[in-house]
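In structure tokens, the next block holds one chain alone, the form predicted on its own.
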């Protein structure tokens, strides 16, 4: 809880407040100014240069009739559901590390989680693009080696999917109906270092006496997780949920690198962020891209508000 600072103390320590001025200036310059500029230019027919024409709400009217934009919101909604499942391995990994008795091994596991964060995310995306390559990619080789591809071809013949064929490599990123499953597979085994560290911080706040009482009552490892650990890290889970929703709605780097600026075959991987990028840097319609960004901002704000209001944590 924040306590108000008395007037006398504020007057006595006023020089200290100048220390935060550089940080505030940087935040205003690089965060608030671009956002305010986007709001301003969303009301203009603007191609990014000096020339622009005020058109009022025309960009927003156009956006509400943009089928590609609303289709991209449907795609990103599916990706958010996918990513909810991807939170589970990180929670399990955090619990497993927390239960390691040796401090040395706990430290080692944390280091092993943090080391991949040093690798630039762009490199990771290139690796995954190679992973999905239909001819040289690891995924198709694994499916061939394990015989899973034969199973998929058999299932395809039964259900008539038209996706898997005996003598043709699987085009994970080139077949429209396989693009969303590919975006789901991406990141396997879905253990995010940041998520694990957040959950670990929550787990370490659980008192040892709670575990001792549970052991005296004969509570097993699974029930410990269900009745003790999971309820007590729900604050961290909620934080991860907010970050996940915001990150998924804003993100487009993955789709841009794997599928291209068009969102892949049939535009099946098109998300709002990528559509905004497409309109700005491919079509040169910066004013319309700003309007798309404003709509995206409203969606993120609304979902964050709903999450804070209805996803409550009662311990």
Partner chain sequence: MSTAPKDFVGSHKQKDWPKHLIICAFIIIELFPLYMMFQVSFKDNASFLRNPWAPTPPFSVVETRQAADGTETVKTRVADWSEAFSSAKPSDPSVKTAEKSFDLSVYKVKNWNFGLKLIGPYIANTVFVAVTGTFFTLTLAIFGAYFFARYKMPFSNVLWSAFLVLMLMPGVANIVPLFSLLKELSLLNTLWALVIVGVAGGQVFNIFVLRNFIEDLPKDLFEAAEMDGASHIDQIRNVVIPMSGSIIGTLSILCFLGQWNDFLLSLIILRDKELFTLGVGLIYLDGEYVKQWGQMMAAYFIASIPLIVIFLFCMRLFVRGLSAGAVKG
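Residue numbers count along the first chain shown, from 1. Please read all numbers here as calculations on a predicted model, not as lab measurements.
What follows is about the form predicted in complex with the partner chain, which we do not show.
- Residue-level contacts in the model of the complex: of 165, 211, 227, 85, one residue has a heavy atom within 4.5 Å of the partner chain, and it is 211.
- Among the residues 155, 81, 138, 242, the one placing a heavy atom within 4.5 Å of the partner chain in the model of the complex is 138.
- Mapping the unseen interface onto this chain, residue 120 counts among the residues with a heavy atom inside 4.5 Å of the partner chain in the model of the complex.
- Of the heavy atoms in residue 129, some are within 4.5 Å of the partner chain in the model of the complex.
- Remark: residue 260 does not count among the residues lining the partner chain in the model of the complex, judged by a heavy atom distance of 4.5 Å or less.
- The closest heavy atom approach of residue 189 to the partner chain in the model of the complex falls within 4.5 Å.
- Note on the interface: of 53-61, 263-271, 66-74, 250-258, the segment with non-hydrogen atoms within 4.5 angstroms of the partner chain in the model of the complex is 250-258.
- Of the residues in 23-57, those that come within 4.5 Å of the partner chain in the model of the complex through at least one heavy atom are, in sequence order, 23, 24, 26, 27, 29, 30, 31, 32, 33, 34, 35, 37, 38, 46, 48.
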